[in-house]
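Below you'll find only one chain, the form predicted on its own, shown as C-alpha cells.
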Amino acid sequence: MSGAGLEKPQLITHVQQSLSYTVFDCKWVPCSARLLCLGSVPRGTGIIQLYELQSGRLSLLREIEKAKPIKCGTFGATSLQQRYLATGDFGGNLNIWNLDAPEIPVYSVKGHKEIINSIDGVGGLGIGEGAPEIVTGSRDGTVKVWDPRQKDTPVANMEPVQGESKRDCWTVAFGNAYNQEERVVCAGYDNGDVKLFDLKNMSLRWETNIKNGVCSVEFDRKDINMNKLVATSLEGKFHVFDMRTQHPTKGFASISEKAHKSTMWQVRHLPQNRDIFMTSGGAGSLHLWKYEYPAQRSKKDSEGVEMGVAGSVSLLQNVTLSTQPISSLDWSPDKRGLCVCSAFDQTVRVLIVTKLSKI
C-alpha cells in the first residue's frame, strides 16, 4: 500500500450486533458510551434498546416495548442533565421519554395524522440559542415545530396551502439558531422539493427542487449563522448549498455529486469538523466527504447583487458494510471518529474513523 493510502482516513468496524427486529434509527446518548436503537418488532410494536459499549462489545442495558413502531429519535431539545429522548412513531405520535423511567412519556402529543418520518431538536445539549424545540415531518405533508413546555399545540405548522397537493415529508432539520430570535427549519419532500422555513418571521424563506426525492437534509451546524446545507436524494446524488449568501432570484449557490446509483439515505456532519460529512447508501455503503471552500464565497452579478459561489467536494474514503441499505447514522458528539450506523440487515455497527484530526 502506498504511503498516501495510509494517510487517508480508514473506516473500521469496531463492533457489530445482530438484532431481532427492523431498526430505523440509532443514536448516541450524549456524554456516555451508550447508544439507542429504535425500530419495529415483527409483531408490529415499537422497540427502544439501550446498549453500552464495553471493552469491544455492546451489552444490552434495557429494552422498552411500545404500542407503535418507532421511526426516528433525537436528543436535540433536552438538557445534558436530563437527556430525555424525543421519538416519532408510525401512528403520528411525538413522545418524550425519560430512559430511566420509560413506562409513561414525560410529554406526548398526537402530532400528525400519519407516520412521523423525521425528527430534529435544537436548544438543548447546549447547542443553539433560544427555547428547546422539536420539529417533526410526516407523510401527512405537514412540518410542525413543538415546544416541550407547551402541551398539545405546535408553535409552528407548515402545511400545504388550500388546493396545493400534499407531499410526503421525508426529512427535517433545524439551523441558524445562533441567537435567541433566529431559527430556521429545512424540510425535504418525496418530489424533490427542499423548503426553508424562517421561524422568526413565520414565512417560507426559500425553496428549490433537486429532481429526486429528498431523503436527508442537514446543516453543517445548527447553532451558527447558516453556513452550509447538504441534501441527499434517491439515485445516489447529494447537493451542498452555500447558505451564507442568498441571491434574490437565484437563491443559494450549490454543487452536486453523484456517489453511486442507489438511494443516499442519510447525511451526518462530523461534530468536531463541520466541513467533513458522511453519507449512507442503499447498497450498504458509507462515503466520507470533505467540502473545500472556494477562494471567494460570494461575487457580484451583472447588476451588482451579491450571489454565492459554491466550493468543491472530495471523497476521502468509502466502505461497503452490508448488502442492505444503511438507513441511519450518528456520530458520537463526545469522541471524534466514533460513529454508529444501522442497516436493514437488522445489524447495528459501531465504527471508528481514523485520522480525522489530520485532514
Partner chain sequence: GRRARHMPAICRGLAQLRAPSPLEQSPGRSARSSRPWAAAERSPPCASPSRAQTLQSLAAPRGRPGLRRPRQPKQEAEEAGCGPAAAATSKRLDSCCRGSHAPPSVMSAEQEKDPIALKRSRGGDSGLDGLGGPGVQLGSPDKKKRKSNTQVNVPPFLFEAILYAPIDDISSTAKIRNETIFFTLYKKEVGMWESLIMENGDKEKMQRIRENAVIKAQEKADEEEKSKAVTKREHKKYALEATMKLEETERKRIENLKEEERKKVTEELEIWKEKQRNEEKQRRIQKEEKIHRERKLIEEKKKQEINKTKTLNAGTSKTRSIPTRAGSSGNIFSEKLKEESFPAPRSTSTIKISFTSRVFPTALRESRVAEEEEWLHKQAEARRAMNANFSELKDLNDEEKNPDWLKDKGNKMFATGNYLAAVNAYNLAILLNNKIPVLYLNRAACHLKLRNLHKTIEDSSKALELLIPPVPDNADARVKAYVRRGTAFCQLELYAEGLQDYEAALKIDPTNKTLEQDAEKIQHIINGTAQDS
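Residue numbers count along the first chain shown, from 1. This structure is a prediction, so every number in the text was calculated from the model and none was measured.
Note that the form predicted together with the partner chain isn't included here; everything after this is about it.
D190 is the sole member of D275, E114, E257, D190 with a non-hydrogen atom lying within 4.5 angstroms of the partner chain in the model of the complex.
With the partner omitted from this view, the residue of G236, G141, G284, G76 that lies near the partner chain in the model of the complex is G141 [heavy atom within 4.5 Å]. The putative spot formed by F252, P294 and E303 is not touched by the partner chain in the model of the complex; no residue has a non-hydrogen atom within 4.5 angstroms of it.
In the model of the complex, the partner chain stays beyond 4.5 Å of every heavy atom belonging to G92. Interface residue remark: K211 is counted as part of the site for the partner chain in the model of the complex, having a heavy atom within 4.5 Å. In the model of the complex, the partner chain sits beyond 4.5 Å of every heavy atom of S314. When contacts are judged by a 4.5 Å heavy atom cut-off, D120 does not count as touching the partner chain in the model of the complex. Screening 50-58, 36-44, 322-330, 305-313 for residues having heavy atoms within 4.5 Å of the partner chain in the model of the complex returns a single hit, 50-58.
Residues T13, H14, C31 are the members of 13-31 with a non-hydrogen atom no more than 4.5 angstroms from the partner chain in the model of the complex.
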